[in-house]
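Single chain ahead, written as structure tokens, the form predicted on its own.
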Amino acid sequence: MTSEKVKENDLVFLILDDKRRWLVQVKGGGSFHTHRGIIEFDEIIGKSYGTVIFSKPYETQGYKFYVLKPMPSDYVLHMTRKTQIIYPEDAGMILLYSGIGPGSRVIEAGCGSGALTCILGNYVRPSGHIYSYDIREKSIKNARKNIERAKLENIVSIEYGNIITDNLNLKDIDSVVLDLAEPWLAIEKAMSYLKLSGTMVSFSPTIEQVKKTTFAMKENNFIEISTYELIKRKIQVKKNATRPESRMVGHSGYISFGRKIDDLKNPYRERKPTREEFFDLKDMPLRS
């Protein structure tokens, strides 16, 4: 299999070192300016991902930059954003525990910068769709730009909408993903969009939000309700000093999941006795 070439308007992941890295869209005739020199896009277009390029002017700069194909996690960490980030480990759990995959139809309420939206869009290709909504015009504008940069316009639609009050006119949705201040208010409405066995996902930064959302899911007959918190530690590997890094993200958020069912009362195990039951313990041996 031949290496994939960088095409005009592609997103590339430029790496200078462990701390300085950028997600950039390459356009013919354009350039990217850094404190370590200038990267000419014409020198990247047509090259294979996984190669290197040197910054100009070569005589005074000439620093080596690695050109990689962006991973979904790179969209999350390095795209333009003005809202709280959902970290790659959280996005990975959302995908695995929600069952979102190729062909899935997903409602996302609270798109923010569109970072998670891009990841979801990548995973529902080629026949799925992400219906993303937000009530903040700035977020919608920023998310649409990021979706265009990721070339997901045919997979993702971002619209103004409030899942709590608006009728989204959707049905048989595979999964609903909530990133809202008051997600518990959206549970009943979201349930009407989900197909049977569909999944509900809610991302919240505080445990108070989790409690109210969990109780709302129980009231609406969701099952398999669980909440998780993920903590990831990066390991610093050196020849004689391998240890966890000193700094880490101690808390990102809580992720709650639930499954929609068509509940029925059990006619066999939930029958009430026809007369009051009484157990007589007289003359029975009891331990003191």
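Because the structure is a prediction, the values reported are computed rather than measured. One-based numbering along the sequence shown.
The protein also exists as the form predicted in complex with a small molecule; that form is not presented, and the subsequent description refers to it.
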| item | value |
| --- | --- |
| Contact stretch among 150-158, 210-218, 187-195, 114-122 - heavy atom within 4.5 Å of the small molecule in the model of the complex | 114-122 |
| Ala109: touches the small molecule in the model of the complex, heavy atom cutoff 4.5 angstroms | yes |
| In the model of the complex, Ser73 touching the small molecule (heavy atom, 4.5 Å) | no |
| Contact of Ile135 with the small molecule in the model of the complex (heavy atom, 4.5 Å) | yes |
| Ile86, heavy atom within 4.5 angstroms of the small molecule in the model of the complex | yes |
| One residue of Val201, Ile100, Leu180, Met93 in contact with the small molecule, assessed in the model of the complex (non-hydrogen atom, 4.5 angstroms) | Leu180 |
